[in-house]
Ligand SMILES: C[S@@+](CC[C@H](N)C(=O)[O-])C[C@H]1O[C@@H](n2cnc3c(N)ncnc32)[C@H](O)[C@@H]1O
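In the block that follows, a single chain appears as structure tokens, in the form predicted alone.
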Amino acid sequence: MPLRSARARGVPHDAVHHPLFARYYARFSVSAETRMGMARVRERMLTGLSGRVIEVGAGNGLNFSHYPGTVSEVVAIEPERVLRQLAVESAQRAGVPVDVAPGAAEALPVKSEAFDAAVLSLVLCSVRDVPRALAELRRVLRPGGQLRFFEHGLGGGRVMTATQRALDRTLWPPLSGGCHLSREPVAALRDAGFTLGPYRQVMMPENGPALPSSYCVLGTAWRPS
């Protein structure tokens, strides 16, 4: 299926450009696969998917090798140029067909109701407009289509949440490619009209100190039929 032009929808071809952070993230994320248990999280997140899948914010494509053979196609949207090129290389090694394309979460360059499932993996922390991005996901999912998500956000006690909010107001977003620590992904999905399925809290790293970015949630939601 041809992709619609994100530029035609008012979004620049490279809507996000963080080359230094992208290079750091690419190295860190690869080591986190084993050191922080991310590979096991990806496996759990994607198990049981089938049909056509859209992955928004695919990064350097580390999810691609975990898609089951029941997936017929993955359309992977990645706005950052450096990460997108790495995702293209990962797609060439994937066991399922993966088409990597530029685009922003707030203006996905695909047709409405074209996908059986969607994947969000550490994405909502950095999109510029969370409600608009989730509205786009609802648009491109077929009625009854499911959303698999693994996101980090607000968590811990008073001291930790105050720290997360203080970092969001100051150093964290410019140093981390626009990432925010104190967003609430489950509440955002509910507010966007998704039906929440099972989800659970996950600490990353699984066995280690609690960091401002450690409070994660892994789960499933659906676009209502």
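Worth saying up front: this structure is predicted, and the values here are computed from it rather than measured. Position 1 is the first residue in the sequence shown; the rest follow in order.
There is also a form predicted in complex with the ligand; it is not shown, and the following applies to it.
> Considering V98, L137, L122, A101, which brings a non-hydrogen atom within 4.5 Å of the ligand in the predicted complex?
By the 4.5 Å heavy-atom cutoff, the listed residue in contact is L122.
> Going by a heavy atom distance of 4.5 Å, is P79 a contact of the ligand in the predicted complex?
P79: contacts the ligand in the predicted complex.
> State yes or no: in the predicted complex, is some non-hydrogen atom of R42 no more than 4.5 angstroms from a non-hydrogen atom of the ligand?
Although the ligand is absent here, R42 would touch it in the predicted complex, with heavy atoms inside 4.5 Å.
> If we define contact as a non-hydrogen atom of the residue within 4.5 angstroms of the partner, is Y215 a contact of the ligand in the predicted complex?
No, Y215 is distant from the partner.
> Please tell me whether any heavy atom belonging to I54 falls inside 4.5 Å of a heavy atom of the ligand, as the geometry stands in the predicted complex.
No - in the predicted complex, heavy atoms of I54 and the ligand never come within 4.5 Å of each other.
> Any chance all of Y25, L83 and S126 sit within 4.5 Å of the ligand in the predicted complex, going by non-hydrogen atoms?
Spot residues vs the ligand: full contact, yes.
> In the predicted complex, which of 153-161, 166-174, 196-204, 59-67 comes within 4.5 Å of the ligand (heavy atoms)?
The contacting stretch is 59-67.
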